[in-house]
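Look below for two forms of one protein chain, each set out as structure tokens: first structure 1, then structure 2.
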Structure 1
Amino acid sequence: MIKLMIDGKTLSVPDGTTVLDAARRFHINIPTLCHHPKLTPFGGCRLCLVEIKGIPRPVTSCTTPAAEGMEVTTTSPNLESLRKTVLELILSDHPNDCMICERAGDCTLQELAYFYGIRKNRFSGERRTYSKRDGNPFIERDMEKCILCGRCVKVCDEVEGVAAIDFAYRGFKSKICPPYEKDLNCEFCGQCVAVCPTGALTGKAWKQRGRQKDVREVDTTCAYCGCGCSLTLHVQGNEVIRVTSREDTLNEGWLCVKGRFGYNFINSPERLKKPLIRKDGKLEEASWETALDYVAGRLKDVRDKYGPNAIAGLSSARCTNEENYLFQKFIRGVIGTNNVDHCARY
């Protein structure tokens, strides 16, 4: 452990902790755009500048390791002026369409502009413009809203290990894109969407489907496989319009393409909502009690007449580990056969 002083408070933190992490550990706010706690420091947005005694110029707190006896100032007229200037420069190359942006009300850039009271921009002028829209089926890429924070690049490389996107070109022409500027073609896990602080990356499935104030959140468990990832369903009326995951869950907020984008079946008109029993060659709706009694009776009749090995059980990859355990226990312990298997696909 090392001791340092931040804004007059003496703090003890583990050796190797950055100044930004030390400050946040004790609820001292330092604004950031490019920083994400699960990704390596980048120092690109320059909003986390702090003053350190003995260093003649401000430094980025996300890339500066805390040191024994260090004295840090996180806010001063000079620092606030620098941060406001950085925000103005970022906003000078950003479209002013918050009224129709999918991330309005949930955008870090918008929050910081509000906090610093930026109404006019001294640096307004030429902006980067992109006319091309990506033809991939899941992710909407609006590059005019990209602030080059690098979060999407890092999460794709460091968490997914795919590296499907990266920085390209230099200076004013810099952009983040797939190889050769082709349409995005990857695993479509949507981790880049989850970490994007602006509206540059959003889901095509939830475009213009509802604002934050109209949506209630329901926590549940993903049913696509036995991993048991936690989902947060964003529900408008009685319809799921978007899926996210909280960072404080077992999957740390990360999801696969099925968990994040494969939710349209929930409101599909073809979805079965009641059990069906075949009578005289036709399937008819029945209550759960009737269906379960029917299945139990047929299983008992078959076992009594032909023996337990005449029955086999096939479980599903969409069940949780606990459900699959109960299923095989039922087949082995109640039915009395080891004829049990599991489908290998979703």
Structure 2
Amino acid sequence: MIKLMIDGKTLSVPDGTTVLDAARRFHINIPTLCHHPKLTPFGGCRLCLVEIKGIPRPVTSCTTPAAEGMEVTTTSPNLESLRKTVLELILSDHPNDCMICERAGDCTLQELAYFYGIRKNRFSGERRTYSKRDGNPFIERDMEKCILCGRCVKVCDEVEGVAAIDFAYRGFKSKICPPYEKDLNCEFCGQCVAVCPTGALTGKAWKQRGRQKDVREVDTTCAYCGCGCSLTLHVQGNEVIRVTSREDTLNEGWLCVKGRFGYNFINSPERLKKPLIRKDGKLEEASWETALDYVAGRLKDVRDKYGPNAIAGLSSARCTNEENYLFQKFIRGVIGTNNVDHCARY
């Protein structure tokens, strides 16, 4: 363990902890835009600058390892003025169209601008303008809103192992894009969307479907593969409009293309809405009462005629434990046969 002092408080943290992580462990807030706890430190936004006794210039707390006896100051008029300058510079090259932005209310840049009360900006000048064409079907990339924090680049490389995007060009024209600025063509896991602190990366399917206000979040478990990722369904009215995942879960907030973007089936118009019974070779709508009476009657007929072992049930790896339990209980206890299986083999 290492002992250091942050803002006058003496703290103990494990060896290898950065100053930023040390401060966060003890709920001392240092603003950042580029840092993400699951990614290697970047040190690009410069908001997390702190003063350390004995070091002549402020250093980024996200990249500086805590050291024994270190004395750190996280806030001072000088530091706050630097942070304000950095924010003003970012905002001087940002569309500032929060009014219509998909991420309003869920945007780190917006939050910081609010806390630093940046109403007037000393800086103005050229802004980057990009055409918004990208033929990929999943991810909306509004690069004018990109603050080049590098999180998407890192998550794609460090977590997903794909490296579909990187920094390109230099200076003010620096930009994050796929090779040769082609359309994004990747695994579309959307990890980049999950870590983007602004409205630069959003889901195409979410567009104008509702922002944070009025959205109900329901935590559940993904219904695709066996990984069992935790999902948060964003619900507006009776519709799932977005899927995210919390960082403090087993899957650490990461999802795949199916988990993150493949939720449209829930509200699909093709969903079955009424029981159907085959009449004269065609399936026709019926009431639940009629349908279930029919099923029960026919099952009883078969059982009476051929015995319970002439009936079999196929259960579902899609359904819950409780439903599977009840299904086999029904087949075994009510029908009276062990002819029950599911698709474990496919």
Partner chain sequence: MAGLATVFGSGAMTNSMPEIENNDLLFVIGSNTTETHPIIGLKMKKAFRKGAKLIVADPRKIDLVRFADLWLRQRPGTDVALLNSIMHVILREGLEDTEFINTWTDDFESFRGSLAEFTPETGERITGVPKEKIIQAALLYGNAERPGIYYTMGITQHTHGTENVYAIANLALMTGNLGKESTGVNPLRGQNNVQGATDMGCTPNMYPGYQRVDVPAVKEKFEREWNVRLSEKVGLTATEMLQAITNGSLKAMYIMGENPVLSDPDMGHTIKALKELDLLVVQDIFMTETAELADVVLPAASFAEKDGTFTNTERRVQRVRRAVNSPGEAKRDSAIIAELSRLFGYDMTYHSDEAVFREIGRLWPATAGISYRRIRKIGVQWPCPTPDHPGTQYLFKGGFPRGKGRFTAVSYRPSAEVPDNEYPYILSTGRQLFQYHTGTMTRKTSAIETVAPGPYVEMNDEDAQGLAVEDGQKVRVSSRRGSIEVSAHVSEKTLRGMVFIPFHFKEAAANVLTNPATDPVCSIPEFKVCAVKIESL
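Residue positions are counted from 1 along structure 1's sequence. In this text, the rigid core denotes the largest set of C-alpha atoms whose superposition between the two forms falls within 1.5 Å. Being a predicted model, the structure only gives us computed values, none of them experimental.
Here the chain taken from the form predicted together with its partner chain appears as structure 2, while structure 1 comes from elsewhere.
The rigid-core alignment places the CA of residue 276 2 Å or more apart between structures 1 and 2. Core-aligned CA deviation for residue 38 between structures 1 and 2: less than 2 Å. Rigid-part rotation between structures 1 and 2: 23° for the smaller part relative to the larger (C-alpha based, whole degrees).
Once the rigid core is matched between structures 1 and 2, the CA atom of residue 313 is found 8.6 Å away.
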